[in-house]
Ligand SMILES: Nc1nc2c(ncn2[C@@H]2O[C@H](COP(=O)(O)OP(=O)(O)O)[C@@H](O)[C@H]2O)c(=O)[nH]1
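Presented as structure tokens, the chain that follows is alone, the form predicted alone.
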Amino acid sequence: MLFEGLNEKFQNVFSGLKKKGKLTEADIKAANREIKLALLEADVNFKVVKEFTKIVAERANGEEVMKSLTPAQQYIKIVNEELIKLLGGEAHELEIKKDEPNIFMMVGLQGAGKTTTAAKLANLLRKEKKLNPLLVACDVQRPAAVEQLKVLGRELNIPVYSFEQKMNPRVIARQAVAEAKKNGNDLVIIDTAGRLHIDDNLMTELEDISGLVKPSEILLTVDGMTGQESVNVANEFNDRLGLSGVILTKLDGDTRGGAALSIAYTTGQPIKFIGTGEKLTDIEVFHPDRMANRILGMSDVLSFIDKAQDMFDMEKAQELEEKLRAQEFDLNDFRDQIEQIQGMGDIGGLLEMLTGSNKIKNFDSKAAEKQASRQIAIISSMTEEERLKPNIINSSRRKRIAAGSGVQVSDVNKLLKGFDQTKKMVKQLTGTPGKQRRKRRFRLPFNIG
């Protein structure tokens, strides 16, 4: 999970402070030392750690904490505020022009996920900004890089400008911009070459492309798992190209978080997006305050809401509401709800956003995903009549459904029981208006335990 080690260490520091009444200078000094060690272990740049803990110590030793009625809470508040500043302060918008193509250059080393990120970004901006994107394959160095972008373009139904032969990437970029103007593409995302390490030939090529197409955004894609090394890479790219922002990828993996906590401070360039998974929808705007909350073990409800709004079909939601009111909720609707929750991504990650904890006890995300897929398979093995009228599903039908979906009859029984319970809850919630009802716990529409 994201920042798991850092989150746990901060929680230990804070819980120790909360057990005390007033805080002494020695208490604050000890807490700062623990935070410093935690950040260094997370591979945060040493200069960043030194500056961060210095500011926290200065503020915490003042009246703001020492004379507070809730000193531990005030200390946590200071750490949170300084962490937000360290991460960039606020979310940074992309520069979007209206009257001419928006040209974005994607740069970075090989293996950072640059090509996939280019496709993810095109898809996101088409959806959120209503732009008409064109992807440009300028990475003629890496074998199959052009084909990879084409595959992603086909999957997303986004056009890709490319040449089969090894043409000069400078020419490809210039011609692609001309093509975009001709075809009405108001967003051009250029996937440039990368190397396993920075070399002068690479940087000269990128400088030439930048000079020819004059991009409004030069975005560096950085592997969030590389720690401090990513900061060195970012600084070199920034010195040569003048970056407009950074996209951190692979933040869904077992990353210590050093890159996220160092890059904005050391380069002076904001983190604009983060990659949070392998799906082409797994990219989101970077919000320093929300990330700080997650690092410190506070809930990130806003990110959860954004994710839900992105993934849930509002038209289907309205149809479902009408069915619920009419008490016509059937197994087709039940399956739709499971699929929409699946579409939101890793369920454990979603719970982490809501709880602020990386330690969700007895929860197995993979088992939950598997169970959801199994339930979808069971419902899909039913006839349309059975989905609309589950009460007709007798013993022989249950055996047929189990065989058709590759599960046990007991699994079919569990699904139908869960559906009946959901229907009863729906009936109670949409019953006679004005009657007082007991609060019920929110339940996922499938068994995760």
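Each residue number is its position in the shown sequence, starting from 1. This structure is a prediction, so every number in the text was calculated from the model and none was measured.
Although it is not shown, the form predicted in complex with the named molecule is what the next lines describe.
Colleague: So in the predicted bound form, are 111, 120 and 277 all sitting within 4.5 Å of the named molecule, heavy atoms only?
Modeller: Yes: 111, 120 and 277 each sit within 4.5 Å of the named molecule in the predicted bound form.
Colleague: Although the named molecule is absent from this view, report whether residue 148 comes within 4.5 Å of it in the predicted bound form, heavy atoms only.
Modeller: Flag for residue 148 set to yes.
Colleague: Taking 4.5 angstroms as the cut-off for heavy atoms, does residue 116 touch the named molecule in the predicted bound form?
Modeller: Yes, contact at 4.5 Å.
Colleague: With the partner left out of view, is residue 142 within 4.5 angstroms of the named molecule in the predicted bound form by any non-hydrogen atom?
Modeller: Residue 142: contacts the named molecule in the predicted bound form.
Colleague: Using a 4.5 Å heavy atom cut-off, state whether residue 375 contacts the named molecule in the predicted bound form.
Modeller: No, residue 375 is distant from the partner.
Colleague: Counting only non-hydrogen atoms, which stretch in 130-138, 269-277, 289-297, 158-166 is within 4.5 Å of the named molecule in the predicted bound form?
Modeller: Every other range fails; the passing one is 269-277.
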